[in-house]
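Next up: a single chain in structure tokens, the form predicted on its own.
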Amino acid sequence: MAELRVPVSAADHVRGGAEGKVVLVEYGDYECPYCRLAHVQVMQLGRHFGDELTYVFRNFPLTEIHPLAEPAAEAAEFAGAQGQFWAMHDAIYAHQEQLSLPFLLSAARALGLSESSLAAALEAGTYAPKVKQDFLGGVRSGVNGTPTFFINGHRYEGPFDYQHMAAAIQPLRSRP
């Protein structure tokens, strides 16, 4: 079974209980339609398991087939640097069909962030190293497509619907 090679750290974006008994790490691509579907399922898992579940999102833009995945990831990291990662993350997935550079700029504005600062950061590639760090960590962990999930450090190979993922998470909740 494949293992997560890069442990969760302060560099990660974490949602849910910081000390959850179950840690769900996703390697995702903002332009991937399957990641958008998975996003809905992960949100439902978060509501169901509450603070027992720690969710971590890592960027894995498949730029050859999703050219907007990289700028979207960099925009999310830009927002994250200002405490708005999850708001941008959710906005991108909620409006994935509108994904474009103008959309990313308007999403930043809607979050109270500077459009011109985001445009400059995208132009300069300011957040590209963080996205690349996530991507390379995924490669080291055997990720080759999106979405890819790890539950408590072990690659999850099942379907990414709520029922199957909840069934994989449930027994781990009672472990010490």
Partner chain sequence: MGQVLAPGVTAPDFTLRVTPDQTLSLGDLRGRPAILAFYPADWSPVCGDQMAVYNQVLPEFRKYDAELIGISVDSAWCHQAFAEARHLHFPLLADFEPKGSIARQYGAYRDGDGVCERALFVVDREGIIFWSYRSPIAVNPGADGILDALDRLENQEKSDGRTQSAGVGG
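Residue numbers count along the first chain shown, from 1. Note that the structure is a prediction, hence the values are computed from the model and not measured.
Just so you know, the form predicted together with its partner chain exists too; it's not on screen, but the next bit is about it.
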Open item on the list: Based on heavy atom distances of 4.5 Å or less, which listed stretch (30 to 38, 120 to 128, 44 to 52, 104 to 112) is in contact with its partner chain in the predicted bound form?
Closed with: 30 to 38
- [ ] Using the partner position in the predicted bound form, report whether I151 sits within 4.5 Å of its partner chain, counting heavy atoms only.
- [x] no
Task: Heavy atom of E19 within 4.5 Å of its partner chain in the predicted bound form - done: no
Open item on the list: I'd like to check something about F135: if you look in the predicted bound form, is any of its heavy atoms closer than or equal to 4.5 Å to a heavy atom of its partner chain?
Closed with: yes
TODO: Look up in the predicted bound form whether N144 has a non-hydrogen atom within 4.5 angstroms of its partner chain, and give yes or no.
DONE: yes
- [ ] Give a yes or no on whether each residue among H13, V56 and R173 has a heavy atom within 4.5 Å of its partner chain in the predicted bound form.
- [x] no
Open item on the list: If you apply a 4.5 angstroms heavy atom cut-off, which residues in 62 to 81 are near its partner chain in the predicted bound form?
Closed with: L62, T63, E64, I65, H66
